[in-house]
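In the block that follows, a single chain appears as structure tokens, in the form predicted alone.
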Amino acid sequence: MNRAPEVTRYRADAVLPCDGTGQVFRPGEVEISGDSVTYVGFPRDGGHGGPHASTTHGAAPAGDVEEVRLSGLLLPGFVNVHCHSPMSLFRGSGENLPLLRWLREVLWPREARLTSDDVFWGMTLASAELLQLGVTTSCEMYFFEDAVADAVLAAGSRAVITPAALSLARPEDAAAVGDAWWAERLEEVSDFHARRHGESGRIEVGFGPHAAYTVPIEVLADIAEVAQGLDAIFHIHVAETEGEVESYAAEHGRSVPEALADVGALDGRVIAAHSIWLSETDIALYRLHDVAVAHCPQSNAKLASGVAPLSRLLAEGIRVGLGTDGPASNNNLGLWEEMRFAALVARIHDRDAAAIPAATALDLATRGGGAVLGRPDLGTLAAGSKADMVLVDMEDPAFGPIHEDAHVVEHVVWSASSRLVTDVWVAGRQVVAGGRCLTVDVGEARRQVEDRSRRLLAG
């Protein structure tokens, strides 16, 4: 019986580790053992002819080694830090509406009719989309969390699942929902954490209270306390629209970040999605409490919500990653277009052509996303990181010329796109080959989503 090799060595035309150094290995190698990277660098045989022959990251392998030659550029899988991916069921619904009208008139009424099977198929189709776009990890806030986890595991992808705390029966009348309902929901999510956190090494569980205008501040404090006790992520929408900020301040006499800080909800692993309309005090609180931001520029623009102060957040040392939001408000789940748009909008916002250079934009989609999740093993290729990789076609007319290493990064951000993704691996397992998802019957998933979407639309 043939036994599996202990190490698989991938040699590519180029390897871009996205480790913060700016290093590019041309050609390069990545070695994998199990679900982790053990080596990244130039080929060990020294045949690269470059000036950095001594540059290595990781120890020499022991045991059997399988060598795989790849044509193209290897880089880490992208990390999408704010998603509602099962909303693939509602893609194209409520177009041309601002956020609150879209939520009240279109999304929430339809979500109130969801079943667990609906969410499973919505997440299944979304998982195939994410993987084919080079996104290997997503941070999900949604309902029917077991169905989300089942779909992620079946697709072979990776996710941080933060079950939504939101009463769809009365989404904007949180005080009328009743303490018992909130307590029951918190117990459900805590049980989900106990059952599924860490499953297959690809599921992390956090807590996802929707927002301060849909969840009472006392409930947010209770959720944050439980999350902190489990060292789990507390994932919440903050300052997404100007109207939301003004209304909350008028009613409560303080901003949402101030209210969260006052009840101790900013003391743990907090991801504040959107964070567009922040005051100087809010930014100072983010810095003080090490709050991470999920920046969603395309969804923010499509819903006319505003432009987040990206350059300022980064200058303050605040951790920022990129999120797409849901496929009903973006309308896709890829980060290639997101990182380019983030840089372009920041340059317009700052009136500075040097704002958010290509390397910074790429960092937001990779290593920065891992940092937002508190996962330095994601979004980078380095010894000890998870073996989540994307292969990009470098023979495309858009990917050149290349006269120096910096051009590789520039072309990835400004010239390339998700259409150049050919192959994807998660935890060392290949899940996309030749642009086709190997783990999901995409045709069946599309049929399921189409049929279920029609039912949800009909009411």
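From 1 onward, residues are counted along the sequence shown. None of these values were measured; they are calculated from a predicted model.
As for the form predicted in complex with another copy of the chain, it is not shown, yet the points below apply to it.
Annotated contacts: A304, P401 and R436 all touch another copy of the chain in the predicted bound form [non-hydrogen atom within 4.5 angstroms]. The stretch from 423-431, 64-72, 28-36, 405-413 that comes within 4.5 Å of another copy of the chain in the predicted bound form, counting heavy atoms only, is 405-413. With the partner omitted from this view, the residue of R185, H289, R347, R269 that lies near another copy of the chain in the predicted bound form is R347 [heavy atom within 4.5 Å]. Listed residues E129, D118, D282, E111 were compared with another copy of the chain in the predicted bound form; E129 is the one with a heavy atom within 4.5 Å. Heavy atoms of F341 reach within 4.5 Å of another copy of the chain in the predicted bound form, making it an interface residue.
For the chain shown alone, Y142 is not a contact residue for another copy of the chain in the predicted bound form, no non-hydrogen atom being within 4.5 angstroms. Another copy of the chain is not shown here, but in the predicted bound form it comes within 4.5 Å of a heavy atom of D352. Using a 4.5 angstroms threshold between heavy atoms, L97 counts as touching another copy of the chain in the predicted bound form. Within 4.5 angstroms of another copy of the chain in the predicted bound form, the stretch 241-277 places a non-hydrogen atom from each of E242, W277, taken in sequence order.
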